[in-house]
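This document opens with one chain alone, in structure tokens, the form predicted on its own.
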Amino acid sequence: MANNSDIIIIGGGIIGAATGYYLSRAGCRVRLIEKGYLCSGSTGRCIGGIRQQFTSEGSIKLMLESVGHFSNMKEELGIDVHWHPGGYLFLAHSQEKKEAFLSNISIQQSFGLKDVRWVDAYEAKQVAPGLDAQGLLGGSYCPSDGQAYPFAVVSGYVERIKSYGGSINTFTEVAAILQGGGRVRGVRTAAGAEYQADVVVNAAGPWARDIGQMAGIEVPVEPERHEALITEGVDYLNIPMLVDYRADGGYFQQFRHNGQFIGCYSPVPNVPGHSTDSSYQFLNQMPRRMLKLVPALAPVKVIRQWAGSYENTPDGNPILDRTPLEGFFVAAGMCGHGFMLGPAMGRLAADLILNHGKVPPVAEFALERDYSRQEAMK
């Protein structure tokens, strides 16, 4: 029947698209439902960074896999996603931060991230030309971290879903989760259309809690506004993603494929909710924070700013699990790391569904877990 599928995925960002791709490739009839346009949520508003430097075993191992997927994506999906292993450099301006990074590096290396290392201030200037090293003790550097273009990645996955016979419904808002006999039966849209499936995946990002509540499932994901900006394109400077955790710091990188700098910082205090308003404060502050680290950027012009949502969990780790409602799964709560985790998370979610898994594939990503342990490198 036209409205029947094997699996319905709610959410047209990287997590939904990647999950749909792996399920479609395995022979499932997939319907991807997105309430706006593809990438209209968090994925299309991120800054495109891809790193393996985390402190939880689950995230580190998934990111090792994700980097492998990104590096092969042009061949696998037939689209240039502008993957570039430009590296990430986390800066330490205090002894406390240096000791934390050294501890993190030990953890990361133990879980297989072999090329991450500590660099002193002199070495930091070598891997980041033009870096102002005033007060810098050094940093945590991983040259195999990198960048890719979110819209191209999602487009590649979606085109493959369609090539396998899947359906894509954009500008289609889910209003209800259909249930019967203790299991999920499909969804009803705000326009009244019903789509049937024995499996529904909640990959709704910042709206994951709302979708969960439709099914009677509490999903502890809260949206939080983060702003970003992008500059005009200039000659590529071969600077890795710079991450400065100081109160007046930020994160920024230069895209290899077009020379544009893109960056953001975490607001203090945080701004909960779904607002995507832009502020003059950010537009004023972010360039200053970039210039403090790379003064040579002074002539570069900002051309656009925007805002989007992090989808935060209480402990900074994602949620990937089945739920008490049979056939209803959650893949959400990526805490600002959804784009980079997406390829491996999609593969893992697909395996969980295909294998009828009864336990979460990564213990620290369980829906019902102790949320007190914090991911240190948020």
Partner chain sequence: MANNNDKIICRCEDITESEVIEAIGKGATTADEVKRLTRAGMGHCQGRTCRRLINQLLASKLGQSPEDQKPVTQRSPLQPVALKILADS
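Residue numbers count along the first chain shown, from 1. Just so you know, these numbers come straight off a predicted model, no measurement behind them.
Although not depicted, the form predicted in complex with its partner chain is the subject of the following passage.
Give me the residue from M73, V219, V300, A197 that has a heavy atom within 4.5 Å of its partner chain in the predicted bound form. Flagged contact: V300.
Heavy atom within 4.5 Å of its partner chain in the predicted bound form: which of S103, N258, S163, N238 fits that? Just give me the one. The residue in contact is N258.
With the distance limit set at 4.5 angstroms and only heavy atoms considered, check whether K61, Y251 and S309 all reach its partner chain in the predicted bound form. No.
Contact test in the predicted bound form: R322 vs its partner chain, heavy atoms, 4.5 Å: Output for R322 is no: heavy atoms all beyond 4.5 Å of its partner chain.
Spell out, yes or no, whether the shortest heavy atom distance between H69 and its partner chain in the predicted bound form is within 4.5 Å. No, H69 sits far enough from its partner chain in the predicted bound form that none of its heavy atoms falls within 4.5 Å.
How about H274: is it within 4.5 Å of its partner chain in the predicted bound form, going by heavy atoms? H274: no contact with its partner chain in the predicted bound form.
Taking any heavy atom pair closer than or equal to 4.5 Å as contact, tell me whether D132 reaches its partner chain in the predicted bound form. Answer no; every heavy atom of D132 is more than 4.5 Å from its partner chain in the predicted bound form.
So if I measure heavy atom distances to its partner chain in the predicted bound form, which of the stretches 88-96, 107-115, 145-153, 185-193 falls within 4.5 Å? It is 145-153 that comes within 4.5 Å of the partner.
Can you list, in sequence order, the residues from 25-56 that come within 4.5 Å of its partner chain in the predicted bound form, counting heavy atoms only? The stretch 25-56, when checked against its partner chain in the predicted bound form, contributes Y37, R45 at the 4.5 Å heavy-atom cut-off.
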